[in-house]
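Below sits a lone chain in structure tokens, taken as the form predicted alone.
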């Protein structure tokens, strides 16, 4: 499957961008609205004109029309054929490309099994749920043995749980089929779940391309740091294995408990919006609960960032403006903090 290379690409918001997607890699392109994410997909697919050069495995594709680029494209609106059954939708591209019936049937069976939609094969799109439609659209996009798959916000219209399941299934399928894939996503957490690397794009420029771990623990620019939520990075001095699959780490004098997966933890990232701040001691167990002193208050438009000294570490927390006003917090005042266990990220050795 091909390696994609974009050289000095400009179009609309995009300004002289360079980007490489490795062979069989899953790359998530993440950024705010208007950053140029969908334009990148359209350029790879050859759907729009552009300045610069596009290569697949070293071959220049600038004069190759879209239908000859070997690309599957999953658009946001899915565009399933309402008059065709699920099986017929999936088989459509194969028939257009002239594959025989035996090959078509084998490929359709393979994909409906992989995406767990075998029971839906005789239904029509109007009788499918949102998640089912997404699975059918994915199967149709990859059915004609495409070398590259482009996906524009494939799970944005689904609820959180369905999105998570679909991303897991899609990741398994793409790796099994060894397809080079580029996702456009708004959800950084979703990108972490599926991507080998994440490309952060802002105002038409690629700010950083790295593994999910490196994006969080080694942001290269202030824009990337702001986009990922300015996480607090703590060095872990001591690790101690607890029972029930948990590990205790000491970051200075701050004791943090998190899931243990068999490796030593060296650093922890805590997003500011995942630190709960209260002026009164909250009820519940003492797990990852702390008392701290406010060292700085940074009011913004709709939120307030509060720096809190806890166990030798200064943590940045974030809370809504109305909540801050209600609590009447002040610099030098004592506050209670809870670090949400499920949102901790960590760097291992």
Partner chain sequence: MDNKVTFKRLTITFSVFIFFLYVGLIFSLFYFFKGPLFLDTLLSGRTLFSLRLSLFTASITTVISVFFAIPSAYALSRFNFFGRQIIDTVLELPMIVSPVALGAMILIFFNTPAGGFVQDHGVQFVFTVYGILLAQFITTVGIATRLIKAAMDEIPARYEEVARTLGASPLKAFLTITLPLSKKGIIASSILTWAKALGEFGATITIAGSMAMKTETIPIAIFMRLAGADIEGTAVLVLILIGIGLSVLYGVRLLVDRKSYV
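Numbering follows the first chain given and starts at 1. In this text, all values refer to a predicted model and were calculated from it rather than measured experimentally.
There is another form of this protein, the form predicted in complex with its partner chain, and it is not shown here; the text below is about that form.
Between the options 80, 112, 257, 254, the residue in contact with its partner chain in the predicted complex by a heavy atom within 4.5 angstroms is 80. Interface residue among 231, 219, 144, 204 relative to its partner chain in the predicted complex, by the heavy atom within 4.5 Å criterion: 144. Listed stretches are 160-168, 104-112, 263-271, 144-152; the contact stretch with its partner chain in the predicted complex is 144-152, by a heavy atom cutoff of 4.5 Å.
Heavy atoms of residue 126 reach within 4.5 Å of its partner chain in the predicted complex, making it an interface residue. Although the partner is absent from this view, residue 67 contacts its partner chain in the predicted complex, with a non-hydrogen atom inside 4.5 angstroms.
Interface residue remark: residue 73 is counted as part of the site for its partner chain in the predicted complex, having a heavy atom within 4.5 Å. Although the partner is absent here, residue 316 lies well away from its partner chain in the predicted complex, with no heavy atom inside 4.5 Å.
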